[in-house]
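Given next, in structure tokens, is a single chain: the form predicted on its own.
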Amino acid sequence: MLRRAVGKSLAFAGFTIQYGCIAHCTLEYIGELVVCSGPSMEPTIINHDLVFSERLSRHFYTIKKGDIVIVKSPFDPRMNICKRVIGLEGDKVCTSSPSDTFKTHTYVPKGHVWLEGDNLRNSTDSRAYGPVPYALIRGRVCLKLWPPPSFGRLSKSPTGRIIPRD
């Protein structure tokens, strides 16, 4: 009796560890579901939209300008933020607000990206905290899953602030 109970307990523990490892690898290396909150990415992503963030692009360094990414916050490492990549290392980016009369520019340093929200008037982004290290990128958002009417790929940047390379 005791032997059977111990055997079943060990089998259960083995399955739990196996499935825990599979879940960890899936979430760490393939992708995850993310609920986005806040107005900074409107109108592309609205508060409480559910998106799928894939992680392979991060591992293979294939993040491009215009991609929407999930990033560890430079201010609070326990919090993730959702922003659009405006510039990659070496790119010239506009650091001023759209309403500023005089525009200022800077170059993105090596190993960093420049991130901005689509809702420029209501977004804390690289204009406030500067370039973000590439290592803080958690994944690239590739699909909006919820709400059902907006299911599908994400739209291009509505701000027009992505400057093509010379």
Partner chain sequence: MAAMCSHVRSSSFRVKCCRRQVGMAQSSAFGRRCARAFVSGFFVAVPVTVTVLDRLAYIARVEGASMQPSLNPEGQTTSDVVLLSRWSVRDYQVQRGDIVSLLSPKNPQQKIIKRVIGLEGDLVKTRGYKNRYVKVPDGHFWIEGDHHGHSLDSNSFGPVSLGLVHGRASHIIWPPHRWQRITPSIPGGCALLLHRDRLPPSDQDD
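Keep in mind that what you see is a predicted model, and the values were worked out from it rather than measured. Residue numbers count along the first chain shown, from 1.
Just so it is clear, the following notes concern the form predicted together with the partner chain, a form of the same protein that is not shown.
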query: Which of 94-102, 115-123, 56-64, 30-38 sits within 4.5 Å of the partner chain in the model of the complex, heavy atom basis; finding: 56-64
query: Any non-hydrogen atom of H24 within 4.5 angstroms of the partner chain in the model of the complex; finding: yes
query: L136, heavy atom within 4.5 angstroms of the partner chain in the model of the complex; finding: yes
query: Heavy atom of P74 within 4.5 Å of the partner chain in the model of the complex; finding: yes
query: 4.5 Å heavy atom contact, Q18 and the partner chain in the model of the complex; finding: yes
query: Residues in 106-130 with any heavy atom within 4.5 Å of the partner chain in the model of the complex; finding: K110, G111, H112
